[in-house]
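There is one chain below, alone, in structure tokens, taken in the form predicted on its own.
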Amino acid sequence: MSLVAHSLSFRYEKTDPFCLENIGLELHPGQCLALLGANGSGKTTLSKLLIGILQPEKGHVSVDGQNLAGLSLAGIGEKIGYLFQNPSRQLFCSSAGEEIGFPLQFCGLDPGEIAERTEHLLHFFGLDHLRDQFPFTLSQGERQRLALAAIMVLDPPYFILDEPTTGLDPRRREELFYYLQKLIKNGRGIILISHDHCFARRLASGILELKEGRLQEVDPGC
């Protein structure tokens, strides 16, 4: 069981030099890897390769032994939850409760099970009192947790989180840290893309840095 990048190389145009070259990583359930790097180093490009939005020119990505290229986007979504840097980009329903339950409507579940899963995640992420609230009236931290709940509802074993601390004050960063720890303890694997190095180093068991198109392990000390 793992999410694996097998020697990925990528460039946006055939005439360009590779912006990512021979990238390899392996993420296991219950593990958090932090992905660091300067602006423009290719972190978001790599995340899009890992969820199948972009296709590598060389190498491939596999999830639990399946080549990502052979899965539909819906199939990938059942395996890998992706959090955008701006959570508002993935919120579109009229209430927090509806936002969480919406993906389950396409899974053939009965309304009772949808309601049960929704209530569980509202409680898990401390959003019980906001179930009927319009998502865009929530604070940044609440929207961040709601977006996490909405991708967690399909129970994917892996998450890729792109700059999840953006716009959060110190208290809300600590709340997010607490919830991500719960996910890891519950057996989820997380790739955390972040400029908040101390947050990433506190949470992650392994630190990777993208530099000049290549990936390298770095000292986990903060």
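Position 1 is the first residue in the sequence shown; the rest follow in order. Everything quoted here is computed from the prediction, not taken from an experiment.
Note that the form predicted in complex with a small molecule isn't included here; everything after this is about it.
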- State yes or no: in the model of the complex, is some non-hydrogen atom of Ser88 no more than 4.5 angstroms from a non-hydrogen atom of the small molecule? no
- Message: How about Gly70 - does it come within 4.5 Å of the small molecule in the model of the complex, if we only consider non-hydrogen atoms?
- Response: no
- Using 4.5 Å between non-hydrogen atoms, is His195 touching the small molecule in the model of the complex? yes
- Is Thr44 one of the residues lying within 4.5 Å of the small molecule in the model of the complex, judged by heavy atom distances? yes
- Message: Among the candidate stretches 59-67, 31-39, 173-181, 149-157, which one is within 4.5 Å of the small molecule in the model of the complex when only heavy atoms are counted?
- Response: 31-39
